[in-house]
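In structure tokens, one chain follows: the form predicted alone.
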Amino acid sequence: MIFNQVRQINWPSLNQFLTATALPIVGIVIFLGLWSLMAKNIDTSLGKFPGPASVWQQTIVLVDEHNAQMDKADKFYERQEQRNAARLAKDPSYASKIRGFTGAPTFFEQIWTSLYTVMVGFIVASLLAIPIGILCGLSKNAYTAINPLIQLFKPVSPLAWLPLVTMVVSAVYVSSDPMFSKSFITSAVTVALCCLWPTLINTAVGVSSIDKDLINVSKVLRLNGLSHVTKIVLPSSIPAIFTGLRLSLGIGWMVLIAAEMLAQNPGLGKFVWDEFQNGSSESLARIMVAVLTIGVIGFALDRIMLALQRTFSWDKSAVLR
């Protein structure tokens, strides 16, 4: 029985396996070879352009620096706990405090900051764009009213908003004990501004393209507004919504790095700019590590969204790449 089940599995052919695995490896090897050859012939003011070997060496250095910083932080907190324990032994009424470690963020902490920021901005934009897109798709009057604003603000680079966002956040977000830093709010709002439009437009297009038969079914069943949206509109427009979400996340990730560089907000963009300003002989290799990391994370985010799209989309026959 098990043998029959194994035989019924649709195993990929050898040709398909080689195409899926060997060709990407060949492409990467060719890229590394050309990169290594070209790097030897490029002289910059900071020395030779880094090749793959130099970049790999700096990757290891960044890992070591992160581990050293984590050890330093652990010892910092350990000393505080020992100091507080000694004080409590002498004075049981002593209110102990633990101060946060204020060491410079490591490369991996900068990665986490950028990821956290882009996800917050992306989620905020999605929560705004999807309902507005559904409204625009369902109501011609709403679309006519909102479309001029979409066409006006859609072409504006989010980086053009950055000075305004920075000033508004500084003026509005005033607190003696802020939950989030102003730099985080500024970066997240900038990401949200650029993530808004692709999701909104694709959602509106998807909703307005729903099959008329499904609309008639909703009328025959006399579904109320909420049931019509949840049982007819959302399931039918999910492929278009996910297309907008994938575009939004990719654009948001690119814009975040530029915004962090321009505004000097914590994250991978600031890491790149700081290394550029540092001007040491290893700076170019460290910047190249950040560039490759940004690319890998962008690719991973797109694959995650693609997997979610394949999971939730009703159209399993669609070719998704």
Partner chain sequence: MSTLLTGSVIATGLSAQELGWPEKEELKFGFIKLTDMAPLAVAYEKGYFEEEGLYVTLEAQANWKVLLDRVIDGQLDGAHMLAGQPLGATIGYGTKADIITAFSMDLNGNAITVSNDIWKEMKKHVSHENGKPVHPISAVSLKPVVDDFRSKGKPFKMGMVFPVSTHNYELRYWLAAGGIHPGYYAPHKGDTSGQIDAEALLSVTPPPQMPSTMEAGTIHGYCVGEPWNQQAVFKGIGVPVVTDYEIWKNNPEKVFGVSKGWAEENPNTHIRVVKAMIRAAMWLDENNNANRPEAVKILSKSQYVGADYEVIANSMTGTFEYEKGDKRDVPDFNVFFRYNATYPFYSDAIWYLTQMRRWGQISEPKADSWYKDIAKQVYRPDIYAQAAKALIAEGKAKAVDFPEFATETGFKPAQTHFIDNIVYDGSTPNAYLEKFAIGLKNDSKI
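C-alpha atoms forming the largest set that superposes within 1.5 Å between two forms make up the rigid core. Numbering follows the first chain given and starts at 1. Note that the structure is a prediction, hence the values are computed from the model and not measured.
The same protein has a further form, the form predicted together with its partner chain, not shown here; the description that follows concerns it.
Taking non-hydrogen atoms only, S280 approaches its partner chain to within 4.5 angstroms in the model of the complex. Within 4.5 Å of any heavy atom of its partner chain in the model of the complex lies no heavy atom of K231.
Taking the partner from elsewhere, S45 is found to have a heavy atom lying within 4.5 Å of its partner chain in the model of the complex. Among residues of the shown chain, S170 is one whose heavy atoms approach its partner chain to within 4.5 Å in the model of the complex. Comment: 280-288 is the region of 280-288, 33-41, 250-258, 48-56 lying near its partner chain in the model of the complex, near meaning a non-hydrogen atom within 4.5 Å. By the 4.5 Å heavy atom rule, the three marked residues N67, F108 and Y116 all fail to count as contacting its partner chain in the model of the complex. This chain is displayed alone, yet in the model of the complex one of K219, K140, R83, K154 has a heavy atom within 4.5 Å of its partner chain; that residue is R83.
A heavy atom within 4.5 Å of its partner chain in the model of the complex is found for one listed residue only; from P131, P148, G103, G225, this is G103.
Residues of 106-128 include none with a non-hydrogen atom no more than 4.5 angstroms from its partner chain in the model of the complex.
Put the two forms on the same core and the Cα of R87 is off by 2 Å or more between the shown form and the other one.
With a cut-off of 2 Å and the rigid core superposed, S96 has a Cα displacement that reaches or exceeds the cut-off between the shown form and the other one.
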